[in-house]
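Here's a solo chain for you in structure tokens, the form predicted alone.
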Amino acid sequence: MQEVKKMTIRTIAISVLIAISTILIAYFIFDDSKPIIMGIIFGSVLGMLNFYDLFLTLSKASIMNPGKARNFAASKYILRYLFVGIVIFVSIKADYINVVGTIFGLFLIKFVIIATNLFNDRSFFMKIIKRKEEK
């Protein structure tokens, strides 16, 4: 379980670094960058909290009996999706938060997970790049 916690914290740390660099890029590219920056911050923080809640849910469910764990995980799953819906709704209604920035922030943790797992195994990545010649 300790390894999973380390991976979760590492993923969140990488997401924070990417969010900060994205905020800096948005600051220099856009004239009115405040709504975009607020959206990235809003979405990133809530996406990371959602990811950490997923870690806590799986940690608790792993020590429960199967029937109770299924109900617990399913209810937390529904709550996380409801949470994402509320975040997007607030972002749409608030003028000072950019919707695209919020959605980017919410998906940032997913991009980090995919990228770190894609580049984690060098042999798998090299098999994708290398082309086998037909014999």
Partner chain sequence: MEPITGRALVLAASAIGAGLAMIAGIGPGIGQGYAAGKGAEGVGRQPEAQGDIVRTMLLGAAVAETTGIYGLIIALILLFANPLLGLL
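Numbering follows the first chain given and starts at 1. Every value quoted in this text rests on a predicted model; they were computed, and no experiment measured them.
If you look for the form predicted together with the partner chain, you will not find it shown, but the lines that follow are about it.
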> So, in the predicted bound form, is residue 96 in contact with the partner chain at a 4.5 angstroms heavy atom limit?
Replying inline: no
> Going by a heavy atom distance of 4.5 Å, is residue 117 a contact of the partner chain in the predicted bound form?
Replying inline: yes
> Closest heavy atom of residue 113 to the partner chain in the predicted bound form, within 4.5 Å or not?
Replying inline: yes
>> Is residue 30 part of the interface with the partner chain in the predicted bound form - any heavy atom within 4.5 Å?
In response: no
> Though the partner chain is not shown, can you say which of 49, 41, 26, 103 has a heavy atom within 4.5 Å of it in the predicted bound form?
Replying inline: 103
>> Under the 4.5 Å heavy atom criterion, name the residues of 1 to 38 that approach the partner chain in the predicted bound form, in sequence order.
In response: 1, 3, 4, 7, 8
